[in-house]
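Subsequent text provides structure tokens for two forms of one protein chain, presented individually as structure 1 and structure 2.
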Structure 1
Amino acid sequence: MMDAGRHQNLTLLAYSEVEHVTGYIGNFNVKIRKKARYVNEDECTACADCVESCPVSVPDEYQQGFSSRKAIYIQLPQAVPSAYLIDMDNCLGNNPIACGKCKDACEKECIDFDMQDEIIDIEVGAIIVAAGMDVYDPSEMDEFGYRSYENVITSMEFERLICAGGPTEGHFVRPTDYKLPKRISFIQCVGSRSSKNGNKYCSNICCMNTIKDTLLLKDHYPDVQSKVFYIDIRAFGKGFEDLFMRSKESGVQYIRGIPGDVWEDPKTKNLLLSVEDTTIGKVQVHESDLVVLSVGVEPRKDMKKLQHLLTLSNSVDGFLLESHPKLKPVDAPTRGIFYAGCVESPKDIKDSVTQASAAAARASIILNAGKVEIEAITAIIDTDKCNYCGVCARVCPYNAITAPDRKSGVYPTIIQAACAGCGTCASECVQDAITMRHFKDDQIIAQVDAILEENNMDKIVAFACNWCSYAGGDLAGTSRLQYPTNVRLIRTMCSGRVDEKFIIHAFKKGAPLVLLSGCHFADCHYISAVTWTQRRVERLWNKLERLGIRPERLQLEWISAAEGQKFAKVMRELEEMRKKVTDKEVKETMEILAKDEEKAKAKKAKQAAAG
């Protein structure tokens, strides 16, 4: 930790948040807000003179609220950076006339009440996301009495109580009477492996953490009797089984069964746990002085914000989705972004460090190469066709298109390095002036034609975006989920690429049913391109209805890369819908659309003649 504060290549921006990220692999522009500490970070020597003078006392978050801190504080004695800060929500002296006592106390004059948040703009070639996780808060469940009984604590609170740097200076006591608890019960899987409370997955670390805690207790207080209530103990890592054995040999009792109920003896404040020991099939009541809930790990509360910032997706468990679960577990689906630690899945310190080093190595590859190749799938504009409407500039999620100006005859230009290739502009341009390299109109139309040339009535034409719905289809495959054979997928980078005319064309060629699928709004790999897809589909539904074609024949679905199940389900449902579309209906549609095309052509010819 100290090293990080000292390394000459490393700029530490603590108390800072990433506010905005633009750009792409090799060239990310990042806006960071460095929050005002009101204490000059470089000058502060952490002498603590200021602390005594501060009249405000609030619960200390770092000590899990077991002790208090002042409004001017440092998180922990070994903090890096080693500087105090003022918590303005609690400080009285925002207006120095009111208080300002610390300012007087500080000899070095580090305190500055006028300090402002600082905005820092940086450019980087790669980003490593190591934003961590949250610890499950058991307040939402009542069976273990966490809300009602003081002597029921979480494993995080336990850490502070047993720590020499903790609020009790390492004298392990229980909250009600400040006496050493002699009988301690650990309850495993709190907030994990449950469809009722918390999360369905195994949090990976809590079994080992409890085993460690029991050993710590044995070390410090040999008389303490620990019991561990568990579903099954998962001690799968290197050296883990050894620790487990040591814990067992030291006399810790392991009882297979999770307490159904915990209640307090109001006199002694001791806790009673009723548990079915599933190895013998008997319900027993255990008395305990302290209960420790071994809480699980969950995705950060602000995960969605982070995802939005970096256009990342999450897997079903809410952690960040990797590029490939086996072959690219460290890479984000967005090039140039990598994961380290618990943002990706719950893991212990060793695994976090391992992944972090892997992420650093992956990022180094790009940085060392000094250049990256950008896939040739960007938009190009044919100004001969452009009529200056400017819709392309408006819809581009990356602001990669400069707005045209009819008066001065300036055409829009597409900044190649900024274009991500979603194709929204190409789909929205009524003049067809924009071409997507490698996803050109005729290339996609050729696929539609090939699919519908024979046995059109049997086929569902489905458009799927590369990142989410196509990947969801792949996941259905990897998971061997079975569904009817009638669907034919056409892959585009983004659902934003799916032009109205592709869909109309498919109906014209006799498609009974068309599906347009893309990412959930929050997952869209092209920021907001998917919102244009939604608009387009709504427009198409209206158009179809106007023409006398059932809007139901165009289906819309948002399927994430983690939703293989949903993909298969949608395919099954669509097949049922397809069966109900009659030959007659499809023929009628084909006629209607042929007529409509004639009409449009005639109108164009007339306009051309007039103009």
Structure 2
Amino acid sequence: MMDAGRHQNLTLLAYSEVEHVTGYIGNFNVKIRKKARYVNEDECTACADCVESCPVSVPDEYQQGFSSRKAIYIQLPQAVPSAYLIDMDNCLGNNPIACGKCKDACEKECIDFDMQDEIIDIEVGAIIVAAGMDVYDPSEMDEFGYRSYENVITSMEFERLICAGGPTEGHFVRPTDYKLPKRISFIQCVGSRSSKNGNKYCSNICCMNTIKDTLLLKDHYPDVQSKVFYIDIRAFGKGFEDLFMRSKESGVQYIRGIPGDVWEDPKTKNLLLSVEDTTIGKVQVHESDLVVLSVGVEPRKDMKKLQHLLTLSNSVDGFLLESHPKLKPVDAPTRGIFYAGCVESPKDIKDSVTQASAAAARASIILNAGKVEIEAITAIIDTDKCNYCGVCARVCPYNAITAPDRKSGVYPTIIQAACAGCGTCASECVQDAITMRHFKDDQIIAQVDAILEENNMDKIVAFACNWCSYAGGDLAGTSRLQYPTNVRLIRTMCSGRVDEKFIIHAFKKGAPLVLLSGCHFADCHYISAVTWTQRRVERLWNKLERLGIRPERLQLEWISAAEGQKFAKVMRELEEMRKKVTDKEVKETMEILAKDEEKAKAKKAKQAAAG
């Protein structure tokens, strides 16, 4: 970080946060709030005279609360800039000044209680999101006694206790008596791989972090006995298995089983762990001087705010979703934004650095190009048909459409560089004022007509999104999975492109069954477009039921690119449903929809005449 602070091409805005982001790839506008430090960072020499005079002491967050700090402090030893700041939440006050001792002690006169937050606007071509992650708080897991027993600590607290720059200056002690613990137990997967408490996913780094800690203990304190309680050890990285074997050879005992209960001996403050050793099938009680909970990682608490700022989407586990896990692993769905580190998924330092290098390379391509090529699948607005309703601007997942203003006569406009061509706006526009390049309405309707021109009763019309469901069909084919051949796929870039009128037209042409298939909600390539698909289909189900048409004839399925087997299974189930649809039912449907269309035309003509 010190090297970054000295680099001539880098500007570090410490103690700042992003408040607003607008624009698109190559033309982002970022509004940053640089918080008031109340200390002039350019003049401060970090002499610490102000710290000695400050009468306020609060727990030090950096030292995990094992030591205290003053209200004027440096957040961590490697902080850039190396200058103090005042924590106004704990300071005795600056309005009016109730203390001011730090200001009196500062010979450089760096302290300014009148300092205000500064708003900075910058123009950037690309954004790299490296906001990191949070650490799981095991307080809710009562069985381990965290917060109840002082000698139950987390792996993060262990790191501070054994660190040379920690509160005990590297002398490892247990919190109750400040003596070296002779028996230490590590409990793995705390907050990870759990459906009851914590998160269902593996946090990636916990196993190797514990193995490293056991080796550290053996190097510094050879007589300390370490026990690791685990489900299974995941040492899949380069050299990781060797470290695991070194740890076992050094005398660390690995016990396959997670303790079900931890309690304290009130006299000795030692801890007793009840655990079933699954290798021998017996319940045992182990006594330890200290218990270390190997806590997992989880998405930042303010992840939703970050998603809203940058128009991003998240996966099922809450981390940010990349554009494509294999082809674009560091790209966000919004073009011009890239990921680095644990904001995208749990990863170790090596993987974080690798991803950061890839993100920097991807961003440099944009910055060096000068111009950005976009696919010709974007939307076009016909202002002659537009009625200023603004629906298109509300449904666009990328905020690529500016809102209209009826009073000033300003129509909505589409930022072509930001538009990804999902087609949700075109499907939701009731005035048919939006046209999609290469996925026009008449092109899709022509495909429906061609499918149902002959033997319509034997066909199933299926609309499949390009990135997931259509790819799932490809996987089913390449895997040679068996399913009926009478399903006819119509590819769209997104399920959000499938207009109600496409489905109604298919039923009017005699389709016995129609399938609309798209990405799972957490996997949507177009951020939130799939949510509008869900709403549209629900409206259609209600309409079909109101007209006396069985809603079951319109099926909605979420199929990912990796679910070839599910694709084949769905097609087989659809074929069984199709066989139950009679010719009479199809003809009645065609008549009902034809009459409904005539009524709609008559109503529209009447409104036009009245207008």
Partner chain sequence: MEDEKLRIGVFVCDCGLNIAGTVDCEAVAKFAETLDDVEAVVRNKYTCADPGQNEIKKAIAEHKLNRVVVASCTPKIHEPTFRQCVADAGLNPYLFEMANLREQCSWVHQDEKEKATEKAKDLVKSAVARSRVLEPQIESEVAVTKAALVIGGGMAGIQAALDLADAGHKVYLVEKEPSIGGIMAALDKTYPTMDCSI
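Keep in mind that this is a model prediction, so the values were computed, not measured. Here the rigid core means the biggest group of C-alpha atoms that line up within 1.5 Å when the two forms are laid on top of each other. For residue numbers, the reference is structure 1: its sequence is counted from 1.
Here the chain appears twice, and structure 2 is the form predicted on its own. The candidate at the hinge, the spot where one rigid part hands over to the other between the two structures, is 372 among 372, 75, 534, 215.
Of the two rigid parts that make up the chain, the smaller rotates 14° against the larger between the two structures.
Core superposition places the Cα of residue 435 5.9 Å apart between the two structures. Relative to the superposed core, residue 548 moves its CA by 10.7 Å between the two structures.
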